[in-house]
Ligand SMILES: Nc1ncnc2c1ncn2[C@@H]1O[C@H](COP(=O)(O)OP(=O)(O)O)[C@@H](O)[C@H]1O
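Given next, in structure tokens, is a single chain: the form predicted alone.
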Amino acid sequence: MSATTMADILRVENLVVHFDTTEGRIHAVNGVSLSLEPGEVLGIVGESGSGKSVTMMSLLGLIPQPPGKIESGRALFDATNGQGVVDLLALDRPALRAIRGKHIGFIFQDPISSLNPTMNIGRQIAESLMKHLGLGEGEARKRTVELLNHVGIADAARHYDSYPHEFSGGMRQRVMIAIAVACRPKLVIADEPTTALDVTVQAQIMDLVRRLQRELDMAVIWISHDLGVVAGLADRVAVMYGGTIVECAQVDQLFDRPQHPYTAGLLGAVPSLLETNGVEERPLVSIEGSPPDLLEELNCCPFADRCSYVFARCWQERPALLSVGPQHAVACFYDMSAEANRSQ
């Protein structure tokens, strides 16, 4: 680790990732920059294909290279409470494997395909403890049972020798969470971990992650396509579209006064719980059109083709992500705050 220090636990700068395919080059991530403070929960939201998962997986060397390639960028990570910083994108594979699991945990979207079907779940958790913390087999087994209890799996000692196919979807995701937090990492990245679960189990998993985040003092990046999910979980939200971040703000700011037309559209598509005489207070809004073709290089506003506020400049250059207030940044040429003031 270098002697460089920073206040953030993670700072990503101008990350560019593409994939070379038989159809052409897919520009998956187009200059993403973001930061994360220790103990903070950052929600990353956007439609499928917006670059959310690719951004996070790129940081940990989890995209196949080739066809994937990290074209440029830095990902500065500090797991040592200000004593030193490492650039994740500059690490070789052995050094990155030492970071994954020990300092950064990852919760995948589909536990049934992420867990090894031929290995009992206890061994899959204990393996991380033995590798990263140097525990012996007996101590690792004892700690694994404690972890299983901690993530809400009843009769954990008996379930140590169970296999993934013997668990429900919710229990498998609890196992994935146990693996992610086993070494008490400084950061956990959760990649849409509740998408395949029913609403009741989804709420339980969110409560579990929220509790562990507080107890272990972890930072969390929660990837989702659903703004409603991150509303009660995140401190801050970054909205992605076309491989870029189009808006980033504190969660209350984002929901109260969205400054990007795409964010406003996403919020308009979230059902309201408020009803008057059995009728929803406002109709749901749909965003017409389709996401941009990422086979084409991004040289203009990625949302221009679907935006009701579009004007000439939007087609001529790509807007930068600029501050519009305390902890609030937007990549848009149109001033939505002025529009809101005029409507009042």
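Since the model is a prediction, treat every value here as computed from it, not as a measurement. Heads up: residue numbers just count along the shown sequence, starting at 1.
Beyond what is shown, the protein has a form predicted together with the ligand; the following relates to that form.
Q: Although the ligand is absent from this view, report whether P302 comes within 4.5 Å of it in the predicted complex, heavy atoms only.
A: Close contact is absent here: in the predicted complex, P302 is far from the ligand, nothing within 4.5 Å, heavy atoms only.
Q: Does the ligand get within 4.5 angstroms of any non-hydrogen atom of L294 in the predicted complex?
A: Contact with the ligand, yes.
Q: Decide whether Q327 counts as a contact residue for the ligand in the predicted complex under a heavy atom distance cut-off of 4.5 Å.
A: Looking in the predicted complex, residue contacts with the ligand do not include Q327, since no heavy atom lies within 4.5 Å.
Q: Does any part of P38 reach within 4.5 Å of the ligand in the predicted complex? Heavy atoms only, please.
A: No, P38 is distant from the partner.
Q: Pick from 302 to 310, 47 to 55, 315 to 323, 30 to 38: which stretch has a heavy atom within 4.5 Å of the ligand in the predicted complex?
A: Selected range: 47 to 55.
Q: What residues of 16 to 47, in sequence order, lie within 4.5 Å of the ligand in the predicted complex by heavy atom?
A: Counting only heavy atoms within 4.5 Å of the ligand in the predicted complex, the contacting residues of 16 to 47 are F19, T21, I26, A28, E47.
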